[in-house]
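Just the one chain here, laid out as structure tokens, in the form predicted alone.
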């Protein structure tokens, strides 16, 4: 390959290195071949979970990505042609060089929903590897009946969250925290949607107090090679986020764990909070009102009223701390009775009066833990 072609190749290669530095956690592989006459010499550059590995000319070299990539490109002048594909989860960049020209082509194809899958936000076909690792599909590639409900919940949760995500700056990573993440399937689906569908860079951090679910999530991350995810075993309120918190999500954190998640979002200045509460027990032992005893004479009415009042208090608390809040059903009650999604976005105003939460406490004799958790 002549000097002019090699110089242009090195210039384009520097652009690939810049892309890698910006998206290293989304990197998949570099592959291709060098051609000399009629003989082709394939190569690959991958991350094996510990180090980057360049395989070329039947030899494998381990080391730093930039050094291995530079070594590969610097050998191009020894060959007649070079075909190279750089792939990460946001797309592919194909580069071809010979004595006549050096060309590039990008393929940022979205993981589209195919015909017959129109009802899905996330294509089961495109997300097959993810679904397989999560054990959501059977051997024939179809969603397991036992997991359809969870898949539907995750899809609808994300669908309602997307308009808020689109408002975040597009020139940097979206920092997402899954608070009381449990088995983290919502985080894995959101990761797929942000990277493979929206083509947005993101980092997702899951936090849970149970070590077993955190370790299980780490194993799934490593198997999927979703290196833009981290998981921590910690108390939500004691956990110090290593980055800014753009988005806080929480799906069915039990009882006051939902309040812990809300408090962590507020205390860490989350721009967006998407919270789907689980069971409600906190208000039930003390809730009452001497002037309206009929509200609590029937046990089932008392429980339902307590549930409703708990979430009203949560919404008003978020509003009092400067959030614009919407509450909606994100799935049918036939899917789960725990189908409320609280969506909160940091508003331009700072705070509003705490009169609503004060009245709730005074009128119904409750002492919400959420008030004590927020700084």
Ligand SMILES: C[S@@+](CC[C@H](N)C(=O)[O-])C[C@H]1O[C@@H](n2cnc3c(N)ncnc32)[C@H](O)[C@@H]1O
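Positions refer to the first chain, counted from 1. This one's a predicted model, so the numbers in the text were calculated from it and none came from an experiment.
The following text describes the form predicted together with this ligand, which does not appear among the structures shown.
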Using a 4.5 Å heavy atom cut-off, state whether residue 198 contacts this ligand in the model of the complex.
-> no
Answer yes if any heavy atom of residue 156 is within 4.5 Å of a heavy atom of this ligand in the model of the complex; otherwise answer no.
-> no
Applying a 4.5 Å heavy atom distance criterion, does residue 151 contact this ligand in the model of the complex?
-> no
Tell me, yes or no, whether residue 244 is in contact with this ligand in the model of the complex, where a contact means a heavy atom of each within 4.5 Å.
-> no
Residue stretch of 190 to 198, 204 to 212, 73 to 81, 221 to 229 approaching this ligand in the model of the complex, non-hydrogen atom distance within 4.5 Å | 204 to 212
Among the candidate residues 272, 180, 122, 175, which is the single one with a non-hydrogen atom no more than 4.5 Å from this ligand in the model of the complex?
-> 180
Which pick from 107, 235, 291, 297 sits with a heavy atom within 4.5 Å of this ligand in the model of the complex?
-> 235
Going by heavy atoms, what in 230 to 261 lies within 4.5 angstroms of this ligand in the model of the complex?
-> 234, 235, 236, 251, 252, 253, 254, 257, 260
